[in-house]
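Next up: a single chain in structure tokens, the form predicted alone.
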């Protein structure tokens, strides 16, 4: 006989497949067996049909296609005998699913078998229907399943309940048919039927609000009694698991009680006592007991408020945190996070245990515990928690340092009680894990430092000490170099000493040594070196005696392969060598930055195109299109999109502060003319007032002409281009100061005023003046009128325009708007699509009334036609 004929037994085929040494041999065996089965199917061999299907199921489990045997399943199901039906239904559940069209052909056979006199055949049909039931089959066979819920045999009732769950999930509208039968199942004594009945009721409650109300009124007390009987039942070997009677039924009952008690105070009161009993008497030394306790905690936290029960539940979770099983600790941390919104004080009591979980060796527990600690921090506990986390930062694993550092920085920044504490903690983080600190975090630190003038000396000394022990931390080096550049005189003179710090002796040469080390250190990148060059230039102004040494150090980068460093080196050497008369103004101390505005921009809450700088449009720190700078003037741009302007308003941001941006600017449509852009950059750099317009063809001329070379830099009011020829030497960039009369602009008012914005407390009027020489440019004077008897302080107007517009805002006449008074602010709008697209603008006004922040915003669309 052919070993692979249809008469081959299943065990022989399995033995032949397992004896195959290679995948090719296995495929050959399967291929021959499938061919034999196909031949048997074609011959309609009824004697071996069940054996063929059994072999097909094994082949299917190996991953080979068996679709050609699907009809054989239907034929076996239609057979009268139980053995054939058993194999047929098993094949139906394995080889088909609810998406197969051929499944429609089996509906009639299922209906007949559900009504069969043999309860075992009925059980087969219920099993199959519960596994592969589709929506159409559910509608056709729901009456039979509903009838079988009251069948005499408990096994049939159990299978019918499971089948009903599948039907309700497929067709929720049928749930009303099962409400009464499922309620009857809750009175069953047989645990198998009871657990499926409870599960069925839970599913019905989830899809039907009417059924939920019915079960609350009719079944809550019965469920409580059932749970109490099971919890107090004596030892029963049939249902005992680790000394607990039927923990699976415990959990199902608790889940249903949770659904019934949620949002209903009466039902919640009814189950309080039994929940307290389960929570307090269940043993927690076995996994089954822990599962019941966890489900009980979830139920307590979900039902209506009971303070004592919730404290008990959170205490159970606290015990879970001390368990040696990582899974139990993890689910406890998850549940505690959800419990925070319900009873944060009870969770706070377990803070120390949660903090220990942060130090756990399991990565998932570490991260979850860190997230929970982050949510637990408030103004009262921030100091001890931050201290513990920073201490652990020193010994934590490298993979965890990034997440831990981010959370610590966020906690310190959000809940810092005072600036000195914030600075101290950030210095510790920078010293331990500076490489993991994100850019916006150390930017924010610098903003805070600039806003704490009393702590400038303390901060620069602390950074100087930290730098000697943590030179490998790149971010620490950057913050320290910036502070040394700004406050080197305070460092050397020990100015601003606090009682809590020890004096330190630092000479001018020591300050230069630190910056030189930063430039030459092997871990320093281009940004750090560029910041170091700026710091050296500032130190040369603070300490004239070190100018030659600084010049020598800066000059070492003239041959750098990095264009940014080479350019800075050449420019700064020229400033030190030839232009000492403007150096002090050029590198004077940066202004205080506005913390609130920086925080808003960092959070992404401000419009993209906003400028309140008192200088040129090119000092806008927000991505407004920047013109391509003139070749010679770009030497003083320092590669920065936002050049430092020492006398600009406090709303300049960190790019102004650092003067470092290694991205290359690109000219965009609608940008200003290159010559004017270059002049504006230079004026920003020197902080010498608002430049007069520059004609297009004069970019390469004598860029700086003032009335008196000996006059103070801050008094320069005009800038002019007088010669179309290029200067003879790049190093002569800043030479050529000479008198030039200021240019006047012809303006003519031709447009009516508009009310741009009006609310109950503020009115904004716009007055327009159009320049006759440049019809694309409109000057707007905004008049802000206070409509209340209260004074508005910290008044700030911000605006954003589309890309085809350019907006420049001058500072307002005052940052305080008097009661029933007004202030003015000038802005200039350039419309590159003049005549094609109208001007539109989004505006935001922020101010304080009696210390309370107020924010108003809107869109302005009513600009006069023709602007």
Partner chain sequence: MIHFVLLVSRQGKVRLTKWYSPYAQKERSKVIRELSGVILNRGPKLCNFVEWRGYKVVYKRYASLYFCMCIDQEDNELEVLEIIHHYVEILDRYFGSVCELDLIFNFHKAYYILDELLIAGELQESSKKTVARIISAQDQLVEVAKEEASSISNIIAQATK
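A quick note: this is a predicted structure, and the numbers were derived from the prediction, not measured. Residue numbers count along the first chain shown, from 1.
FYI, the form predicted together with its partner chain isn't displayed, but the following is about it.
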{"property": "Contact at 14, 57 and 290 by its partner chain in the predicted bound form, all three, heavy atom at most 4.5 Å", "result": "yes"}
{"property": "Residue 130 within 4.5 Å of its partner chain in the predicted bound form, heavy atoms", "result": "yes"}
{"property": "Its partner chain contact in the predicted bound form: residue 26, any heavy atom under 4.5 Å", "result": "yes"}
{"property": "Interface membership of residue 295, its partner chain in the predicted bound form, 4.5 Å heavy atom rule", "result": "yes"}
{"property": "Distance check, residue 478 to its partner chain in the predicted bound form, heavy atom within 4.5 Å", "result": "no"}
{"property": "Residue among 778, 409, 124, 110 with a heavy atom within 4.5 Å of its partner chain in the predicted bound form", "result": "124"}
{"property": "The unique member of 195, 354, 231, 782 whose heavy atoms fall within 4.5 Å of its partner chain in the predicted bound form", "result": "195"}
{"property": "Among 425 to 433, 221 to 229, 82 to 90, 757 to 765, the region lying within 4.5 Å of its partner chain in the predicted bound form by heavy atom distance", "result": "82 to 90"}
{"property": "Residues within stretch 322 to 337 having a non-hydrogen atom within 4.5 Å of its partner chain in the predicted bound form", "result": "326, 327, 328, 330, 331, 334"}
